[in-house]
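Only one chain is included here, represented as structure tokens and corresponding to the form predicted on its own.
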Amino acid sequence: MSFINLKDKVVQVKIVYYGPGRGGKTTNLEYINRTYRKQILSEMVSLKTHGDRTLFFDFLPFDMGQIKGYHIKIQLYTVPGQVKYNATRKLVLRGVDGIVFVADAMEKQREKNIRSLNQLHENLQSYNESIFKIPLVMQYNKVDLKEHGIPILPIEVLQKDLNSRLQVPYFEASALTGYNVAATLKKIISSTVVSIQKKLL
């Protein structure tokens, strides 16, 4: 559940970018950090946990107004790169309000995507959260590699593998070029804010 500061009337919303190693989670955050400098309240912080790194920064959302008189502050988190310990991934999900699952669209990463999504499901269960109830957006990253002759999974395959049961919003994207990075972010923010509004009723 989001952290609510009653004194300053701020709802702090935690959004985690999750997915297989080197799938583009950090590249998403770096693109957002560069592109929306004016809306970013803090530097990108890198924390060492269990020998792995966790990245996060505070972000002021696009014209979201207020929820029940409370201002909204978003915190964007990810665990970058090849993560040695699942404990790090688990830790970053504590208190999560919304998730972007960044799948790697390269053919050779198909199994890694499925394993990572199953692990997300298990890690959420350890906090009594359900992958079927939490706000979630799928991002199929690296679709631009097709132009460079790299075999990419068709969207139908990605949807069948990762989204046939969940039925959540999805975007084809390129975190490197920025294609659909903002669209993914806006969608997860709006879904998460709607979910929090219901809890604050």
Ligand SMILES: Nc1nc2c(ncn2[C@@H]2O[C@H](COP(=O)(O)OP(=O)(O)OP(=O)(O)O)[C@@H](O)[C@H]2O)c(=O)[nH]1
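Not measured: the values here are computed from a predicted model. Note that residue numbering follows the sequence shown and begins at 1.
Beyond the structure shown, there is the form predicted together with this ligand, which is absent from this document and is the topic of what follows.
S.K.: At 2.4 angstroms from backbone or C-beta atoms, do at least 3 atoms of this ligand clash after superposing the site C-alphas onto the pose in the predicted bound form, making the site blocked, or is it open?
M.R.: Output flag = blocked.
S.K.: Quick check for you: of 32 to 40, 156 to 164, 129 to 137, 171 to 179, which stretch puts a non-hydrogen atom within 4.5 Å of this ligand in the predicted bound form?
M.R.: Answer to the contact question: 171 to 179.
S.K.: Any chance 79, 82 and 142 all have a heavy atom within 4.5 Å of this ligand in the predicted bound form?
M.R.: Checked in the predicted bound form: all three residues contact this ligand.
S.K.: For 13 to 38: residues with a non-hydrogen atom within 4.5 angstroms of this ligand in the predicted bound form?
M.R.: Result: 20, 21, 22, 23, 24, 25, 26, 27.
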